[in-house]
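Okay, so we've got the same protein chain twice, two forms, each given alone as structure tokens, structure 1 and structure 2.
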Structure 1
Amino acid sequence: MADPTVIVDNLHVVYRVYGAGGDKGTAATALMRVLKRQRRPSVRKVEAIRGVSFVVYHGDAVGIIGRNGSGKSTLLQAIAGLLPPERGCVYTSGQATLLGVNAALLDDLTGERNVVLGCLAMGMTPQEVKERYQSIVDFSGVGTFIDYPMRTYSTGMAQRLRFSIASAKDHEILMIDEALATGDANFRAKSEERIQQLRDAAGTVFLVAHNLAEVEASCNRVIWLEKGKIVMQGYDVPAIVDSYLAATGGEPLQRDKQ
């Protein structure tokens, strides 16, 4: 059996919403409460992840599926260490890199500068950046826009460049949050191939995507979340996807018969 790379043990993640259910009021009423030294508004706890446990191994590509608000992105952020657990633990064998639609790229800098800075931030040497720069640009498909500020990019172009930068290095644990949603068919095919290369290099990939065909093409395992809990998980990806579609009223996937 391959070595484990991620262990999630009875994980609970809680968001606290201040003022929920209390006197909403205005800025003026809030000021009056402060002046009168009234107690702060009530706090409502929202359990985003509730008792999730699983083990992921080297070479696994895990698709995380579920409806909006089911806890998919929260789970990835917790694994990456960006959200503290309320209870439970997350153990990783190495640095977990989260690539999402909000991955940090600087709008006022050109794509070229973002490529360089992004690669350096991942620990590449200047020589490695120089060697891989052109392949990153070619993979992203942004063409001459690489010399323009990021604020001139479409959402799809920016997301493709984010993925190209992040996937230029072999990560032990790479988490992709809806980063491929706007790519065209050609880019999605290249991305699926790159995810397979990351797996072959003994890495681990987590993929959050609403496109279930993309999950089936890229992942050998799937976790179905609903209201912060695991409904199903396992290596029979088509069966779990079919169960999810049946439960949510989705159309069955059209699969090519071999």
Structure 2
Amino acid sequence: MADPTVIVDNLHVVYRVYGAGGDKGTAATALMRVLKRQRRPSVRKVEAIRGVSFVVYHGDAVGIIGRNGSGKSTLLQAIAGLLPPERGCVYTSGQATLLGVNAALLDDLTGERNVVLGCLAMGMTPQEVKERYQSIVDFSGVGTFIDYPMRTYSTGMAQRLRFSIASAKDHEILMIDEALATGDANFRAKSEERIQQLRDAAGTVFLVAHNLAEVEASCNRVIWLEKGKIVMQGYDVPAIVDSYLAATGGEPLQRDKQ
């Protein structure tokens, strides 16, 4: 068996959410709370991941499936070291990189500055940024809009530019959050091709997707999360996908018999 690249050992991740309900939210109620020495009821703990363990080996492409709010994105953020574990630990063979559309870019700045800043944030040197700049802009296809502030971009254009920036680098452990395959059909084809290249270059890939056909097509292994726990996981991807669909009441996948 190949070497392990990611080991998740009894991982627990807890979010603290401020401003959740349960309070009228007026100054008077806040004062009463202080006087009565109560804790802020609006601070709530959300246990997003509750005891997850698995081992991923070099060459694995792991699909993570589950309903909205089941902890998929949180799991990826914890593996990348962006969210600290409450208990347990994640061990990785190198820096795990998360390709998400939320990578903060500054809306008031031109596309050009955003490209440079995004690349620097990923750890490129100014020289590397200069070398790759043109290919990033060309790939995004935003054209002359690159000189305009990003707040003037359409949603699709902004997502295309973000994806182009995020995918400009090869990563050892690559994690792709859904919603990446955005944009028009033409760009989707281009980005799927780019993801494939990144996968070939990376040792290990994680993919979060609601599109189960995509998971089956590109993953050799799947993890099904529900309420922060693993329901099923393993290398028999179609069987797990079928159980998932049966449990959530979805339509069974139409598979081509070959």
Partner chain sequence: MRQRARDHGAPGTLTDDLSLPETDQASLPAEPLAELAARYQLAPSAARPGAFAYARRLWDRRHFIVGFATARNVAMYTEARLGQLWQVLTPLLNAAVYFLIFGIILGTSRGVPNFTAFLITGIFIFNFTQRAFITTSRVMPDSLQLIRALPFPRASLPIGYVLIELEQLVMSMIVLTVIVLATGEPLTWYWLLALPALGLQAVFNVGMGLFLARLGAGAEDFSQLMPFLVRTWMYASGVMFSIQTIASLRRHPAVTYLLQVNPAAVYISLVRNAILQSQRRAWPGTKPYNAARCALYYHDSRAVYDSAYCHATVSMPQLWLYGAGWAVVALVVGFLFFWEAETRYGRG
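Note that this is a predicted model, so its numbers are computed, not measured. Each form is matched to the other, and the largest set of C-alpha atoms that superpose within 1.5 Å is called the rigid core. Residue positions are counted from 1 along structure 1's sequence.
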(request) Name the structure that matches the description of the form predicted together with the partner chain. (result) 2
(message) If I superpose the two forms on their rigid core, does the C-alpha of residue 130 end up displaced by 2 Å or more between the two structures?
(response) yes
(request) Tell me, please, whether between the two structures the C-alpha of residue 74 is shifted by 2 Å or more, with the rigid core used for superposition. (result) no
(request) Would you tell me if residue 152 moves between the two structures by 2 Å or more at its C-alpha, with the rigid core held superposed? (result) yes
(request) Could you check how much the CA of residue 120 shifts between the two structures after a rigid core fit, in angstrom? (result) 6.0
